[in-house]
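Shown next as C-alpha cells: one chain only, the form predicted alone.
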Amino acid sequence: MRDTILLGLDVGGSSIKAGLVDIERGTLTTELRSVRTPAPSTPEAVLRACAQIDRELGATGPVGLAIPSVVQGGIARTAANVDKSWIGCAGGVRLTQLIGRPVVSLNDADAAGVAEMSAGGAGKDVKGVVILLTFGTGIGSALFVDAELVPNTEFGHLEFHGQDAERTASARVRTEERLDWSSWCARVNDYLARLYALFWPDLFIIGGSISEDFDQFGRLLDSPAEIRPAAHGAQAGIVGAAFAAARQQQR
C-alpha cells in the first residue's frame, strides 16, 4: 500500500526544516519542525540530525531530502552554505543506512520548484516553460518544461552586470545595501529580462523568504511572462522533497 504521508527534509546552512506532508494535498500534517544545522555541517552530523527528526516525527515510507547542492545520481557535486565534505557524498544512501528506509535527495531549489508545480502550488497545471526563482541568501532556480523538471540549474550564477546575478539581486543584497523595493525590483526586472531572452518562459514563480512580502513589491515587477508568488513559502522545500519521495515510491 502506498504511503500518503511522507517526511520532507530541507537542509540549509543555518537550519534543517522538516515536516510530514500529505502528498495528496501538498500540505503539512505536522507543524513545521526546525532545528539548527550542526556546526560543522558535515554529512555525518547533518544526517544524524535528520535521522533524529525522522524518529521524533514517527515517519514511515520513503523520505525526501533537499540539500543546497547540485545532485547528480544521488551524489552531491557542490556545497553551498554547508561543509565542503558534502561534495561527493551520496546523502540519500547514508541517510537510508541510518533510518532503514529509502531516501531520495535533490537540490533544494528543485525541491521548491517541485512543490510549486504540484498540489497547491503556483505552477500546478501550467504547461510550457516555468522558472521558479528563490530569492534569499542567494538566488536558487528550478526550470520546468511541460511540468517536467530540468534538474540542477544554477541561474543565480548567471553572469549579470559583471558578476553572479545573486551578488546583485538577491534578498541578502537588498538588505545589505538597504535598497528600497523600487530599487531592488529594478535590478530584479533586469535579471528577469535576461532570463526571458534566454529561455522565453511562460511563467516566473517568485519564491524564497522574500515571497512573503510579495504584496509589497509584486506590482513593481515586470516581464512579458506572467509573474506569480510562490504558494508554499518557507515550506516549499519540505513539500517538494516529500513529493520527490512519493515519485520514487511509485517507481
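All residue numbers refer to positions in the sequence shown, first residue = 1. On a predicted model such as this, the values are computed, not experimentally measured, just so you know. Here, rigid core means the biggest group of C-alpha atoms that superpose within 1.5 Å across both forms.
Beyond what is shown, the protein has a form predicted together with ligand BGC; the following relates to that form.
Engineer: Which among 118 to 126, 139 to 147, 93 to 101, 176 to 184 is in contact with ligand BGC in the predicted bound form, heavy atoms within 4.5 angstroms?
Structural biologist: Contact criterion met by 139 to 147 only.
Engineer: Quick check on this chain: which one of P201, P68, P62, G208 has a heavy atom within 4.5 Å of ligand BGC in the predicted bound form?
Structural biologist: Contact check passes for P68.
Engineer: Flag N81 as yes or no: does it have a non-hydrogen atom within 4.5 angstroms of any non-hydrogen atom of ligand BGC in the predicted bound form?
Structural biologist: Looking in the predicted bound form, residue contacts with ligand BGC include N81, since a heavy atom lies within 4.5 Å.
Engineer: May I ask you to check whether H157 falls inside a 4.5 Å heavy atom distance of ligand BGC in the predicted bound form?
Structural biologist: Yes, H157 lies within 4.5 Å of ligand BGC in the predicted bound form.
Engineer: With the partner left out of view, is A112 within 4.5 angstroms of ligand BGC in the predicted bound form by any non-hydrogen atom?
Structural biologist: Flag for A112 set to no.
Engineer: Please determine whether N107 contacts ligand BGC in the predicted bound form, using a 4.5 Å cut-off between heavy atoms.
Structural biologist: Answer yes; at least one heavy atom of N107 falls within 4.5 Å of ligand BGC in the predicted bound form.
Engineer: Inspect the rigid-core superposition and answer whether the C-alpha of G123 shifts by 2 angstroms or more between this form and the one not shown.
Structural biologist: Moves: no, less than 2 Å.
Engineer: Superposed on the rigid core, does the Cα of A79 end up 2 angstroms or more away between this form and the one not shown?
Structural biologist: False for A79: its C-alpha shift is below 2 Å.
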